[in-house]
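First, one chain by itself: the form predicted alone, in structure tokens.
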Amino acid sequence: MEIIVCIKQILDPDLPPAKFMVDKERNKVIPPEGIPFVINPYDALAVEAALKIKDEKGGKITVITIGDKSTEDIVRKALAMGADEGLIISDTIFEESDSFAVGYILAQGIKKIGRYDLILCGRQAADWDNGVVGSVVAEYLGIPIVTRAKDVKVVNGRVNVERVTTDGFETFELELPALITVSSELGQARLPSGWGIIKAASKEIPIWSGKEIETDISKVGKKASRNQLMRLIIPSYERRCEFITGEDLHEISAKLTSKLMERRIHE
């Protein structure tokens, strides 16, 4: 059983708000000093889903990510959990790629890996929450996909998936190869073992360039982006309270109505 898991490095979702800063001119988040990046929690669950299958059926798990050398940390985290191999795709031509370009890059990397039976991704990234990369990867590879899985099992050479819906869940059976995106309903990702951490620390992690995965440069980078980020700001949670007084309820109601009309809240 050959399983590939796509993972992403993000800022820690539990980052204290006071540490979060934005470069308004460049529309970029400024990484805080001293706080390491982490593996996207949904992607950690995808690794866990792969490990459960491996525990039952055996096989090999390869994790793949896009980024620079700093992404080694999340790859080694997945290796320490129990994945077998890891690789990074890195190139300056990928800078400012949107979700569609990221899906294309991952698909090219997976094609270079070669044989695979199952691809697992998190349902979305906990930073931008777009949730489209898995679908784009499946489209480029021409394989079936089920999103938002709460359970993934391989039975008789096929994959059985329970998919989360708004009022319950659906059950699917797919032929392999296939791609599944994993949701938080799967449970919790296991913690790396001490021996796993030791082994992961010495594991060689290849880095592939855009040329090595035969990237079409017209499909990556800022020029290929289908979305344009207009403004990135830190939301303000400031609240103001104004007391309305009057001689009686009729006068207070009239003043309140006037205030609401001024602020166009009635629309």
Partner chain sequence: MNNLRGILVVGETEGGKLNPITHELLGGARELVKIIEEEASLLLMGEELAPVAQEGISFGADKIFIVESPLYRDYNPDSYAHLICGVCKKANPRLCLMGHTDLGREAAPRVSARLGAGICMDCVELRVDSSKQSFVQTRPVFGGKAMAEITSLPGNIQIDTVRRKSMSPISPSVDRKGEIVDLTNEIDPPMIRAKLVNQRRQESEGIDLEKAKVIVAGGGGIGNREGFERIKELAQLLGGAVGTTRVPVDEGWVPHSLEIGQTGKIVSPDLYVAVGISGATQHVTGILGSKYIIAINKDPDANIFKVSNLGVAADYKEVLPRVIESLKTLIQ
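What you see is a predicted model; the values in this text were computed from it and never measured. So that the term is clear: the rigid core is the largest set of C-alpha atoms that superpose within 1.5 Å between two forms. Numbering follows the first chain given and starts at 1.
Unshown form predicted in complex with its partner chain; subsequent notes refer to it.
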Candidate spot S135, Q228 and R263, all three touching its partner chain in the predicted complex (heavy atom, 4.5 Å): yes
Among 143-151, 189-197, 81-89, 110-118, the region lying within 4.5 Å of its partner chain in the predicted complex by heavy atom distance: 143-151
Test of understanding: in the predicted complex, would E95 fall inside 4.5 Å of its partner chain by heavy atoms? no
Interface membership of D73, its partner chain in the predicted complex, 4.5 Å heavy atom rule: no
Hey, in the predicted complex, is Y104 touching its partner chain, heavy atoms inside 4.5 Å? no
Can any non-hydrogen atom of R123 be found within 4.5 angstroms of its partner chain in the predicted complex? yes
Just one of I35, V29, I207, I217 has a heavy atom within 4.5 Å of its partner chain in the predicted complex. Which one? V29
Within 164-199, the residues that have a heavy atom no more than 4.5 Å from its partner chain in the predicted complex: V164, T165, T166, D167, G168, F169, E170, T171, F172, E173, L174, E175, S184, E185
Using a rigid core alignment, state whether the CA of R239 is displaced by 2 Å or more between this form and the one not shown. yes
